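Read the single chain below, which is given as structure tokens and is the form predicted alone.
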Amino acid sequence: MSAERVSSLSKAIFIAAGSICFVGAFATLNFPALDLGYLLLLCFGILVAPRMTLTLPRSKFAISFADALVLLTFLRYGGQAAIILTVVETSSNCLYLRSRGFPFGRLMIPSNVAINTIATTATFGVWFLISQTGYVSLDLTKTQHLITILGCLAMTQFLISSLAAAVFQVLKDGQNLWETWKKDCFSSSMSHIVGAGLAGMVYKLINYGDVVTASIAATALIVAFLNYRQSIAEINTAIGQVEEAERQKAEMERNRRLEAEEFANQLSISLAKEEQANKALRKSERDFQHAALHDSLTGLANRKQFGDVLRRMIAEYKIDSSSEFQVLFLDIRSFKNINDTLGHTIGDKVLTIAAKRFVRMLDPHDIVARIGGDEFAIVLRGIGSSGKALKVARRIYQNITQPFSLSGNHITVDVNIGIAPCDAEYDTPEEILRDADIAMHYAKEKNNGIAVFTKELRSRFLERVRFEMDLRHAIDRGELALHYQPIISLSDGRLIGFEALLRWHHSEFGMIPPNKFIPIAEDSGLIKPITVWILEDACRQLARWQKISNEYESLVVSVNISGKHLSDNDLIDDVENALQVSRIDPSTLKLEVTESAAMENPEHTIGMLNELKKIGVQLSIDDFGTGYSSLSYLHRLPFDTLKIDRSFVYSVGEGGENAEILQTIISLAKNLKMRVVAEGIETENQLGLLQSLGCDYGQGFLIAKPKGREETERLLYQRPEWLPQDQSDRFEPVHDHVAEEQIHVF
């Protein structure tokens, strides 16, 4: 059974017992013995006594005048009257206290009434026993007897009521009975002692005192009561203040505790956020370190990481020569065309696919890196000979050149590969990468796909770099000059014009052959500004020569145009500017375009040549027969002249072999309504054959070598016979043929 049910059952038993005591007292009460005084006691107990109750400081009990009324009733009217007064006064007091806010439980008021009723009944029993035994005198006129009797009654009343209250408390909270009685109930003895004293005093005054004495005593009691009540109130106020201070202190401590807990929570949250931030920072640091060492597109090592690895391997090789390795430098050929035609997105995917193919073809301990746009580098570990490196490079080349489909596009990737073997002379990664790059450019130049580095290649490369640097300033230094080779009519020997050919007289190395510096100009992009200079200088020179004589008014100058310049729309402006500066007739300027350059992008070439024709210049297809012209395009190209390449002219022997090829080319040109120019005429047999085949114009060493401006101008004034009349008089032996051979870009 639960403690609450035991407490409720105990209260019910006490209430039942109290009710029996009340009924018994009421039934045996001697009503005739009651007088007005008893009625006054009842009224005092109902109306006054509850309001005179003093709450003891820091106690669950209060000092009440009910004990004095009960004991006084015992002395004057007997036990039954005292029991009834107890029921009336206790009920009134509890109801008054509840109206003042004192908390009462569900059975607390009837329980209190029952306890006091039982205590008064027990006190009445003690009174009865005392009166019957005869051991204690009941002479109430004697003060010592009165005190003894009242003490016994008060102690009985206190013990019964306090013990019952302690039992209820123990049943409620389960504490020790003795500790509960001492802590919560013992202090109520003061109420009974004071009550006994007041009862005895009042009894004496009523029975044996006069009015004056009663008044004085009543006044003294009232003053004492008021003082005591004020003292109690002050004590309660002080205690209340102390309790309020303690409450505020407790509240402050609670608030501080809550603030501390909140701070601890905030600190915990901050620490958690800081930990998250630290994790994010560590991840960012790892990502940054990865990004600092890897290519963002392909995920391969980047130039920095590759350089660090290569630096360590160079150091290891210097210590232990058995730690051999080979470096491959790879460049995707014509990758710019993929970007330009298919877009950069497709270009990025092509680079990613190429990177994956490189990785698949290598051992796990090899290193692959992307070191630039379409440039990659590979370190092959444990390979000492260039032959083994060549095998790996060929395997890579065969794999990477396999066609594949991407976003509906059929794509084939080609590469140039340069190989540089490890060598004790290397101190830095840049040095070995430089040499691998040199080998790669050599492979690109020779169109071989793969090349192994040699020191001879380095010398050629350094020479090329030197020439490129010097070529950038050659115009400003006056090192470039134009030589002019006459072009004549093969039918009557009349001078038609000149082809302007570029010469470079280096201040340190002397005359640089065109086959050395023209490719450098093409690759470096210098060909465009040089061509602009040639156009202006050749047109101004032609304008002066046309003024020498009326027969020279229609002289034509031919200027070679590179394929790169042909693909640039600025060519139109450059030609118009040269014509405007020189003020020559546009028809006297002929632009020569090689067959291979014209066929790189036929549609663009057709559009560009048509724009040039609108200006009024003449157009010539140069080196015809060495490229791969399509007749479907050739008849759409607006050329005025077709120039037969010197290789076909030179191959014509004494017996006239290859004459059929010349005849076919000349017939084709005639059918396309073009004039024909043969270059490289060096013998009279060649000249005679070309004349017999109906070739319109010719140029070559047999007619005249290219000469400088002053020499050419003297020939114009001399008006020589351009066609040889006597071989012994006109023919100059052909010498230094390689040095004089022209690269037909200029």
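Counting begins at 1, following the sequence as shown. Fair warning: this is a prediction, and the values are worked out from it, not measured in the lab.
The same protein also exists as the form predicted in complex with a small molecule; that form is not shown, yet it is the one meant from here on.
- For the marked spot (Q546, L589 and D696), a heavy atom within 4.5 Å of the small molecule in the predicted bound form is absent from each of the three residues.
- Considering the small molecule in the predicted bound form, the lone stretch of 717-725, 36-44, 22-30, 681-689 in range is 681-689 [heavy atom distance within 4.5 Å].
- Using a 4.5 angstroms limit between non-hydrogen atoms, D622 touches the small molecule in the predicted bound form.
- Although the partner is absent here, S111 is not a contact residue: none of its heavy atoms lies within 4.5 angstroms of the small molecule in the predicted bound form.
- In the predicted bound form, the small molecule sits within 4.5 Å of a heavy atom of I561.
- Contact between E89 and the small molecule in the predicted bound form is not found at the 4.5 Å heavy atom cutoff.
- Only one of K613, R434, R503, R311 comes within 4.5 Å of the small molecule in the predicted bound form through a heavy atom, and that residue is R503.
- In terms of contact with the small molecule in the predicted bound form, the residue from A354, A301, A451, I518 that brings a heavy atom within 4.5 Å is I518.
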